[in-house]
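Taking the form predicted alone, here's one chain by itself in structure tokens.
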């Protein structure tokens, strides 16, 4: 392994060419881009997102080349990236990479699209930069490990460097400049899980800040601004302050051979990903045995430690967003409606039936599930029925994982549901955007979608 992994990773991001990327990885990047677009549109009307948009409108220019999707206006890349990143993370439907426990799309596509529109980059350049952002961010998340995620929201911390990598590639930074961009991004990395205890709005600020700070770091590096050269693995770098178990080998793991972007999962349920394995397992039991909610006496969800760390503090959710981090609420929606989508959360998260179901749900640390995590997110539940039966459910790949993925038709339908829920775009507007996105590779310049 290289003795300077930050430098090796920065050089990879700076030197990546479209021709280096396998065809199937390009196709997957297109899928992820369309999935991100649906999540970004879904943020329209969400209170914390609209607050960040008002801030951007007040502080940023009222014209520019970068598109703010929920507002159908244009501004500078910095503020467009900020709002789009906040917007695309609020519905809890944006993608996730299991091994790094990191949501790449919101912090990669948001700044990359804004800068590509500003610079009039081609679709190929946008895709190349996005792949660079994914590969960098995922590897840093894996490098920092499980102990990092216990306290820090990886998408906020790692996302800052991922955003810098994507924007830096569009700016055509040299390897040395890219390393400086990493340094400036890493020193700004932030995001703590404490907000979950208060139902605070911080999660949207995490992604908004990561996108904006990463973009800033890349632009500054282009202008000669220097950053720490070992911001990731240095004696006082990110790992030193944010991890008890950093593994520097993960930063350069098979660069150019293993494409981590292709390992990224889509989110099927509109909730924290830690709830999905158990939700799928419960859905399996409910449908197979045709169980009504009142036939269920209790549910035991066998989970990994990360699920307990993130979901455990949410006992009595007070808001829709906080409910998405409540295992009892998610399983209650599954039991009642066989789905946990945007509408189910908005209309029923605190219904008496769903609230009562929460008390029936217990999370238990399971050695098999915990041992497989984060590479694999196994779902196991035990359902005790009122008439005394004990039924079990298990899924080894939740819906949306690469081995159980969403088709392009399913991705379109998901995006249409998100747009309908938020009122962010009409069916015709979404279908027009789909046509642009599926053909983005051939776009001579990256265009606009809703303005």
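Residue numbers count along the first chain shown, from 1. Bear in mind the structure is a predicted one, so any value in this text is a computation, not a measurement.
Omitted here: the form predicted in complex with another copy of the chain. The next part is about that form.
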{"query": "Contact check for 258, 277 and 363 against another copy of the chain in the predicted bound form, heavy atom at 4.5 Å", "finding": "no"}
{"query": "Region of this chain that lies against another copy of the chain in the predicted bound form, out of 214-222, 131-139, 269-277, 297-305 [heavy atom, 4.5 Å]", "finding": "214-222"}
{"query": "Proximity of residue 346 to another copy of the chain in the predicted bound form, heavy atoms at 4.5 Å", "finding": "no"}
{"query": "is_contact(residue 238, another copy of the chain) in the predicted bound form, heavy atom dist at most 4.5 Å", "finding": "yes"}
{"query": "is_contact(residue 201, another copy of the chain) in the predicted bound form, heavy atom dist at most 4.5 Å", "finding": "yes"}
{"query": "4.5 Å heavy atom contact, residue 197 and another copy of the chain in the predicted bound form", "finding": "yes"}
{"query": "Heavy atom within 4.5 Å of another copy of the chain in the predicted bound form - the one residue of 321, 169, 97, 209 that qualifies", "finding": "209"}
{"query": "Heavy atom within 4.5 Å of another copy of the chain in the predicted bound form - the one residue of 177, 284, 188, 336 that qualifies", "finding": "188"}
{"query": "Any residue of 45-60 that, in the predicted bound form, places a heavy atom within 4.5 Å of another copy of the chain", "finding": "47, 48, 51, 52, 54, 55, 58, 59, 60"}
